[in-house]
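We begin with a single chain expressed as structure tokens, specifically the form predicted alone.
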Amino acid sequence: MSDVDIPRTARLAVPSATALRRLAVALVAVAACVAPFQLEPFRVFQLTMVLVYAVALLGLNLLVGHAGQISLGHGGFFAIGAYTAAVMLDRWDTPHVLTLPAAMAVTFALGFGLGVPALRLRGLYLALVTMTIAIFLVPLLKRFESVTGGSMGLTLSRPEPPSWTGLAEDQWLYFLALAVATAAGLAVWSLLRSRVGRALHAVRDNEIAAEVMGVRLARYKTLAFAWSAMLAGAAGAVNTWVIAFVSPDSFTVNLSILLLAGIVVGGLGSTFGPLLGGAFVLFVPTLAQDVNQAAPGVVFGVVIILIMYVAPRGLAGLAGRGGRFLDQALRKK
């Protein structure tokens, strides 16, 4: 029997791009749940930090990739969230779980406040203004030594796993970070699929056209800053749980630059961009240090250039091209 004689309903169904994407998400979810039981504690710690950075990059992706605003100050919001949690743990002996909403509330308010004066700025001018947050925050934290611990920082306790879970400390911290990252990812996904997401995309693509269509630019640009800062603050709080130590020198302007590089390399406006960017932020600087301890910045820069040359739309865009190639190959069969 020839291929022409085979009824269409009897032919092998070719999975669509949507089905392949759902399959990829399911595989990632399964791997995320299994990983801490298969890896050694140090690798589990590394994956936990990838999730922490992914939460911060979710916020930065919302602002840069979907709202079209540039920020070089998200390392500052990360630090504010970390210190909010640290001060609550150190001074008031607050339960760890309560420091997360507190850090989110503080950074949301600060992000909203920054969004108001930033309404008149765009492009490099906006980037320079936001970068001042990361620049002056470090000496400010050192100045208030009685609260922040100054240059010596604060040493804290980690959240202990409940006995009923049977988990080790590193596994418990991993699942806490995974829960926060999952909740943040679902919240951003829902937001972007709503009318708010369409308004943000309209502002990104053409502000004048968006305003003509009735989009209130001031409202959505300010809220984008606030939401983005809130997620960076949430990441900072979880970072405090994992590291159990905060110091001003851990939150220099280099962190803000690294986060922006991470989301660009991961893929602006993409679903998996923050996760891939989180892996980039954690692993690439370490690898650059191992390759050349005298000039790790040179190695780091070369890696970024190579990635951008091979994948102009980021690692997520490269993965997307691979998925489309696979989809076309399956359909030809």
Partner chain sequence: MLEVSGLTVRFGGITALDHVGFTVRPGDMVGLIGPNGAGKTTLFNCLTRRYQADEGTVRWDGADLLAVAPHAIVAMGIARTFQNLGLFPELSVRDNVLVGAHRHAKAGFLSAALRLPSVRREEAALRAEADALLDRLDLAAVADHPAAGLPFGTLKRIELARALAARPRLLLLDEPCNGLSHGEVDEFAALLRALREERELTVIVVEHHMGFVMGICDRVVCLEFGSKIADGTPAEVQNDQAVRDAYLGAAA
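Positions refer to the first chain, counted from 1. Everything numeric here is computed off the predicted structure, so don't read it as measured data.
The next section is about a form of this same protein that is not shown, the form predicted together with its partner chain.
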property: Candidate spot 88, 169 and 178, all three touching its partner chain in the predicted complex (heavy atom, 4.5 Å); result: no
property: Residue among 102, 255, 147, 187 with a heavy atom within 4.5 Å of its partner chain in the predicted complex; result: 187
property: 4.5 Å heavy atom contact, residue 214 to its partner chain in the predicted complex; result: yes
property: Close approach of residue 160 to its partner chain in the predicted complex, 4.5 Å, heavy atom; result: no
property: Exercise: residue 109 in contact with its partner chain in the predicted complex, heavy atom 4.5 Å; result: no
property: 4.5 Å heavy atom contact, residue 79 and its partner chain in the predicted complex; result: no
property: Residue stretch of 94 to 102, 204 to 212, 233 to 241, 170 to 178 approaching its partner chain in the predicted complex, non-hydrogen atom distance within 4.5 Å; result: 204 to 212
property: Within 222 to 244, the residues that have a heavy atom no more than 4.5 Å from its partner chain in the predicted complex; result: 223, 224, 227
